[in-house]
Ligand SMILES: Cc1cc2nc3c(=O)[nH]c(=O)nc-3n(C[C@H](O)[C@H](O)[C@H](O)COP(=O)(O)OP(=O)(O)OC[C@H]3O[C@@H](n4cnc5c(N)ncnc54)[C@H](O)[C@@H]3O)c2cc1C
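Shown below, as structure tokens, is a lone chain in the form predicted on its own; questions about how it binds or moves come after it.
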């Protein structure tokens, strides 16, 4: 097994690292305080090919592998500590890939070139006010009327509501099909019959969170993703991809937190010596470093499995892929949170100030723990299903 990156992958990693250092870091506080990702950041991401990079080249993407996209997610998570840019990136990447794979030719040609150029937003809408992962309670419905679907219901706690209105674009929306099963539809946010609401989050302020209400919204049948009544599988495919990139962003944030912390404890003195000489702090750093290294390669393996099987349409290793993705999504966000928290504590009172900047990461990473492509307990349920068998799923 070869763990090394190719020359092309290494050059790409270095290019995204430079982007993070020269573009994201100088703008991360502005992203947080102004509540949006600046146009110049999106323009540079488009120039580098970072937007929806796994989408096929004929629609403006790079046709990038999951491993290459995972590398980019890690560097973006390192660059913008608030996690806002990472959320924007992984939504475009995961759901741009699904649209490129499962969408109709008409929609792919209409939507993906705009997304990859930074002129449109693409997100996911599954969660509802009554619940997220409990699909039995889904109330948003779509019924077929000739060459259209009519959608009625409400989605909540979805990212990019304001971006889709400002830039254009929309969300891949999971609905209960009138004839049974689920329909997965691309619904532009500026469609007639749609109203939106913005929520105020505690962190990752640069990308909006909100709700969308669908009041008999008419959606062309060509906007159907996958087969009618079989949208659930398409959505789950996308979540496997997006969860891997969430985890990679958390690895990047964890590495940056440890770098900030290590630099501080080497120069800050107490009782006549640097903090780094105190074993109580030094050993914490070492233990966290080892854990981050383990999760980093766990994440790289999940991306490799996606390339080997999922992105090729090979379902023969579905259980192995689901285990790898759920395991890293379960471990990466809490570990990143712990790294940021410990680095803040090494700073003492200074760590609680905005001047140090660690609080950006604490607030941003928290979003990946409470939800964002599936909460931690949902990952435990997935792993329990794969390890014990579906008959041991709770509430069945």
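Positions refer to the first chain, counted from 1. Small disclaimer: the values here were computed from a predicted structure and weren't measured.
What comes next is about the form predicted in complex with the ligand, which is not displayed.
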Q: Would you point out which of 351 to 359, 365 to 373, 57 to 65, 335 to 343 contains residues with a non-hydrogen atom within 4.5 Å of the ligand in the model of the complex?
A: 365 to 373
**Q.** is_contact(residue 126, the ligand) in the model of the complex, heavy atom dist at most 4.5 Å
**A.** yes
Q: Check whether residue 131 has any heavy atom within 4.5 Å of a heavy atom of the ligand in the model of the complex, and answer yes or no.
A: yes
Q. Is residue 23 close enough to touch the ligand in the model of the complex, meaning at least one heavy atom pair within 4.5 Å?
A. no
**Q.** Partner contact for residue 204 in the model of the complex: the ligand, 4.5 angstroms, heavy atom
**A.** yes
Q) Just one of 159, 116, 223, 82 has a heavy atom within 4.5 Å of the ligand in the model of the complex. Which one? A) 159
Q) Which listed residue (310, 140, 323, 209) meets the criterion of a heavy atom within 4.5 Å of the ligand in the model of the complex? A) 209
